[in-house]
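A single chain, nothing else alongside it, follows as structure tokens in the form predicted on its own.
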Amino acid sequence: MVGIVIVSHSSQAADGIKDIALQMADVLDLKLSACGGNKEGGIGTDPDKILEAVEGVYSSEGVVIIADLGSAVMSVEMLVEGMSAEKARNIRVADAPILEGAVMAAIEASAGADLESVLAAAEAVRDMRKIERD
């Protein structure tokens, strides 16, 4: 099963998004990890926490990472660049809103989809409208 990592500047936000995604996917063995906050527990990101989260769900089937804001995305990209080529080939960083993307990725992964399909599901909500206006 493809793993999913949620990276936020806030550990509470990451954990909350994880809870929502797990509930929507409704699969107990979904490989989904969340990390957020800096080393001191404040707002920010910590490359060590991100690496631990990726390692916790990594398999040869791959991992989709969904991050919230610019520096979180940069931290993720730097982490992936520092990995072995073999491992980096199995990791995708989604260009998606973190909550909606995580929910869609979790649902797709829970159905047994492959890495590219889970990534596509996460990114499919990028332009989703929530309110239709005249």
Partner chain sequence: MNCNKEQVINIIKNIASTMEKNKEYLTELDSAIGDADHGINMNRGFKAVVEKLPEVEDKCIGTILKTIGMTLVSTVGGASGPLYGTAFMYAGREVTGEKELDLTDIKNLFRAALEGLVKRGKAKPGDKTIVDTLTPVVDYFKSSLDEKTDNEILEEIVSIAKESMEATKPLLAKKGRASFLKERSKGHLDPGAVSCYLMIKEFAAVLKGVA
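Residue numbers count along the first chain shown, from 1. All of these numbers come straight from a predicted model, not from anything done at the bench.
Keep in mind that the form predicted together with the partner chain is missing from the display, and what follows is about it.
- In the predicted complex, at least one heavy atom of residue 48 sits within 4.5 Å of the partner chain.
- The partner chain in the predicted complex comes within 4.5 Å of no heavy atom belonging to residue 60.
- Although the partner is absent here, residue 28 sits far enough away that none of its heavy atoms falls within 4.5 Å of the partner chain in the predicted complex.
- Using a 4.5 Å cutoff between non-hydrogen atoms, residue 84 does not count as a contact of the partner chain in the predicted complex.
- With the partner chain left out of view, the stretch that reaches within 4.5 Å of it through heavy atoms in the predicted complex is, among 32-40, 86-94, 100-108, 51-59, 32-40.
- No residue in the set 120, 124 and 128 has a non-hydrogen atom no more than 4.5 Å from the partner chain in the predicted complex.
- Contacts between stretch 76-110 and the partner chain, counted in the predicted complex as any heavy atom lying within 4.5 Å, involve 77, 78, 81, listed in sequence order.
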